[in-house]
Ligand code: SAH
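Take a look at this single chain, the form predicted alone, given in structure tokens.
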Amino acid sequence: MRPDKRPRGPRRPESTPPSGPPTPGLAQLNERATSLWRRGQAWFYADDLMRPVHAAELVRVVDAEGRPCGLAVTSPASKLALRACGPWDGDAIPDREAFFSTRLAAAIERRAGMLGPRDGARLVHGEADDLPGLVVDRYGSVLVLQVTSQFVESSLDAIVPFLAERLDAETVIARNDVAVRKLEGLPQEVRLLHGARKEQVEIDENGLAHLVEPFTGHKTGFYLDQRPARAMVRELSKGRSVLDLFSYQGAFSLSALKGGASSATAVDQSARALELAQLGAQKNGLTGLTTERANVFDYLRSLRETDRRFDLIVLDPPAFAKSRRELDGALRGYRDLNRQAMRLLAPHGWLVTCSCSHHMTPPMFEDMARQASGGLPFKMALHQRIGAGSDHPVWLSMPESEYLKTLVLRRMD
């Protein structure tokens, strides 16, 4: 789950707020919440608990009848009062060093095949690694953390030394500039936590070099979650003209050119991102890249007045729906963008379209694509569904964790 997204949480009926004095180190679920925990729910509100939360801490969780459930972290500042951290042997609450070293070591081991000296990978993906409130991305010797939990924030002195030593990191950065931290009463900031300041680092993805700026780039510096979609674009691109919309630093464009595309046009509003795209093309010895600094909506409207068509279009906009209240407007925006992109496809052309909002469920996104294609003088076929890479696991019990949706569509003539 992306760290800048606020979880929706389960729908629930009105219930009685917790009462009675808090018990340090212990949280007890009510009967309804006990059932949710057993089904794999990871987020709980204050009224899911028998007693109020008094501190940001690691606690033992018991069910409505006092039977042990596992560990969780609590937060008195957030609407999410408790977040599950998985099972733990014994009855005691582990100290911070033992807890984080165990959980971090397990997360790193699960990515053992992604730890080459120039690899980029997500090493910790919040709840999916039983570490809610923590994301760790690795770019070679640089580690970038995003923290969205008071307990994790207060435990950085246990987390950073372990990661730095275990991964031989030269640089550890906190990219804590995400708005969701406000909901935990935490400041938004970017700071160096360990080692030397590195403004830029180079990673390798399937033989293609990408430049990452961990202090200033989008997210933690790069869109690691789109690795599978970039591989698909590379596979489809040979001999094709490619339009890369909301391109950021042109990772899709570079993948297309690496795959043999005849040309790639990267469109983004950020001048620095487009500079990085050009630098990436030069570094990889790729030709055929054109960059356009423009608003994508305006750019697409301008192309409607021309006869220009593309064999492959990548549409990877930012999250239009950052809350459930924004869904209706987001759907209209996605529908408009996708319909315009479909109109620009050459016969038998491909559209790779994405949404990174967890509020936009996979069925909703597919229905949007169907609506966008309605009434066109050709049919669109669904070729494949793609999600985030294996380093961004999705919990079956937590549908919100499937935030990234990518549809590979083809114009049928």
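Quantities reported herein were computed from a predicted structural model and do not represent experimental measurements. Sequential numbering from 1, following the sequence displayed.
Not on display, but discussed next: the form predicted together with the named molecule.
The contact residue chosen from 272, 218, 308, 301 relative to the named molecule in the model of the complex is 218, the criterion being a non-hydrogen atom within 4.5 angstroms. With the partner removed from view, the residue among 162, 246, 99, 88 that has a non-hydrogen atom within 4.5 Å of the named molecule in the model of the complex turns out to be 246. Heavy atoms within 4.5 Å of the named molecule in the model of the complex are found in exactly one of 141-149, 124-132, 338-346, 249-257, that being 249-257. Highlighted residues 223, 230 and 316: every one comes within 4.5 Å of the named molecule in the model of the complex, counting any heavy atom. Interface residue remark: residue 282 is not counted as part of the site for the named molecule in the model of the complex, having no heavy atom within 4.5 Å. Within this chain, residue 188 is remote from the site of the named molecule in the model of the complex, having no heavy atom within 4.5 Å. The named molecule in the model of the complex is not approached by residue 208, whose heavy atoms all lie more than 4.5 angstroms from it. The closest heavy atom approach of residue 296 to the named molecule in the model of the complex falls within 4.5 Å.
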